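First comes one chain, alone, set out as C-alpha cells in the form predicted on its own.
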Amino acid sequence: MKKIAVLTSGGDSPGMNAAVTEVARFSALAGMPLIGIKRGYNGLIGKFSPEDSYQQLTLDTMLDIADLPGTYLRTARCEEFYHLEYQQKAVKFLRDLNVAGLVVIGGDGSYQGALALSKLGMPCIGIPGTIDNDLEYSETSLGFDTAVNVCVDAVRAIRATSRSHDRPAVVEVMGRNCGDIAISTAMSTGAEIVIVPEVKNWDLMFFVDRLNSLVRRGNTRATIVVAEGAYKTMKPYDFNAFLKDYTQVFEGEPMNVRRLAHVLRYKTGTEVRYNLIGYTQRGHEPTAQDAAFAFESAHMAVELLKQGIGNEVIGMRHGRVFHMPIEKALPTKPKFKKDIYRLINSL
C-alpha cells in the first residue's frame, strides 16, 4: 500500500483534529504517506481547485493542530455524493493519487459515502465523529464527551444565577434528533426537567404542570434542559395564540427555546429565562476521553488499511475499541434511555 487518505465529513466535532493527527502518526510509522482530503466528500469530486481539494499531511503540520477544536481539513455536506457518477468520480480521483485506502471521520451520512466507495473497490474505514452520539453500534463517538462537558459547565453556571435570583432556566443543547446530550447533561447537573425528541407527541402542558409542582414544593430555580430536535416531536399547541397577548409572534413561526421559556413563564408565573449553548459544544478542545478514543481508533484504522481491510467502522463497546462491517453498523438505531428520562422528570 503506497498511500492512504483521510477526510472529515458532516458536522465538525471535538476530536476530529486529534484523530487526523493520530492517523498521520500511525501512517508515518507504517511508512505510508498520507493525503488529507479537504471539505469532506466535496474534495473528491472536483468542486474546488486541487490546492483546495487535498494536501500532503506531514507530522510537522499535524502536530501543530492536534489539540485545536474544529477540523483542520474543513468539513461540508455533499449532496452530489448520493449519486453513483460522483462516487465513481471520487474513486478515480483517489486512484489517480495512488491512494489505496481512505479513513472517513464523521457520522451516519459520512458512513453512507464510505460504504458506497467500498462497494466500488476503494477500501474505507469509518471513525465515528459526531457530538450527537446517534450511532448505536458504538457506545460513544468523537466529540460527544466534550459536548456534554461543555453543556455541564454551562448549566452549572446558569444554575448558580438561578439560585441567586429564584429563576427557573430553560437551556437548549444540541444533538439533532438524538437526546443523549440533553439526558447526560441533565443527569450530571441535577436538572429537574429534560425534553428530548425521542418522546413522540410530548405535551407541553405536562412540563407546565411539572414546573408548577416544583415551584409549589419550594423549588423556584429549576433547570429545564431541552434538546434542539424536541420541538419537532411536540404535541400540537397553539403557542402563537397564547403568546400574542405577551410577545410579538407571527403565524407559522416555529417553537424555539425563547418561546418555550415564555410559555412556561406566563403559565407558571415565574421568571423563566432561556439560554442557548449553541456551537460552543462543537468548537471546544477535546476532553481526555475523546482524545484517547481518537488515538485508539486511528491506530486501528491504519492497521486495518495496512492489512488491506476495508468496509469497516470503528467503535467503542464495553470500554474497548473494536471494528465491524459498515453494513451491520448503519441499520442500528440509537436506544432511548427511557428509564433515565422518567427519573429526571419525576424527582
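Don't overthink the numbering: it's just position in the shown sequence, from 1. The shown structure was predicted, so the numbers you read here are calculated from the model rather than taken from an experiment.
Beyond what is shown, the protein has a form predicted in complex with a small molecule; the following relates to that form.
Contact annotation for residue 197: none of its heavy atoms lies within 4.5 Å of the small molecule in the model of the complex. In the model of the complex, the small molecule stays beyond 4.5 Å of every heavy atom belonging to residue 101. At a distance threshold of 4.5 angstroms between non-hydrogen atoms, residue 108 is in contact with the small molecule in the model of the complex. Not displayed here, the small molecule is approached by residue 87 to within 4.5 Å at the level of heavy atoms in the model of the complex. Just one of 140, 188, 112, 220 comes within 4.5 Å of the small molecule in the model of the complex, counting any heavy atom, and that one is 112.
Only one of 74, 119, 77, 159 comes within 4.5 Å of the small molecule in the model of the complex through a heavy atom, and that residue is 77. Contact annotation: the small molecule lies within 4.5 Å of heavy atoms from the stretch 7 to 15 in the model of the complex, the single such stretch among 7 to 15, 319 to 327, 334 to 342, 21 to 29.
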